[in-house]
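Take a look at this one chain, the form predicted on its own, written out in structure tokens.
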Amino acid sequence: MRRVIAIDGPSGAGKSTIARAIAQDMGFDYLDTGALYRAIGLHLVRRGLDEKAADGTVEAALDSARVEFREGKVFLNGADVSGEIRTPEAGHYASVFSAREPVRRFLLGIQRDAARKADLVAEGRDMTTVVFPDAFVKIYLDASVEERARRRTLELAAKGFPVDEGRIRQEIRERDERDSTRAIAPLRRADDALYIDSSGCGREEVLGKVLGIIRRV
């Protein structure tokens, strides 16, 4: 396995933005695990499944799924779904299905295989605790619920989606609850992960903090 910088944290904390910037700065590949889970959620919904589907049904549906992340785009069975997976609905099903054991097992090998091919910046919910427990740098990037709701509202509005910041705030709280209490690979800060709160901080300030940590390792 090559060198891995692993970043965990809740939805909207800025993980994707920071991970991309770190990868570009250091010449590492970037792995957006959230996009992988969104693509799998999209695949399962297209197959007619919902959150009530049994694990056996989910596992059978995954046999026909092929997910790839390359050149900043996400491909599902050969088709670019980078836009489709960024809808609120896709985010909901990514959270719902990410708690299912067949889904996590299916994607675990894909994620680890990426680190065998190149130095990697990987961000998600269980990068530091499950997928890459031996990463040479581990970071937990956080932000307040209010800050994350504000960012998500601006992001969706910029893409033309109807927005209700109050509802978005509630959805974030619900997702935090699902992610942190699920039985399989819950969101938590690894004991050796460095904590950074990005609330009220701009991209460059957060990036500077993270790069400073990496360069001291």
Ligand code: DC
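Computed from a predicted model, the values in this text were never measured in an experiment. Throughout, we count residues from 1 along the sequence that is shown.
Just so you know, the form predicted in complex with the named molecule exists too; it's not on screen, but the next bit is about it.
Taking the partner from the other structure, the named molecule in the model of the complex has no heavy atom within 4.5 Å of any heavy atom of Asp142.
Using a 4.5 angstroms threshold between heavy atoms, Met127 counts as touching the named molecule in the model of the complex. The closest non-hydrogen atom of Lys138 lies beyond 4.5 Å of the named molecule in the model of the complex. Interface membership of Ala94, defined by any non-hydrogen atom within 4.5 Å of the named molecule in the model of the complex, is confirmed. Residue heavy atoms within 4.5 Å of the named molecule in the model of the complex occur in exactly one stretch of 27 to 35, 60 to 68, 157 to 165, 188 to 196, and that stretch is 27 to 35.
Contact residues in stretch 177 to 200 (any heavy atom within 4.5 Å of the named molecule, taken in the model of the complex) are Asp179, Arg182.
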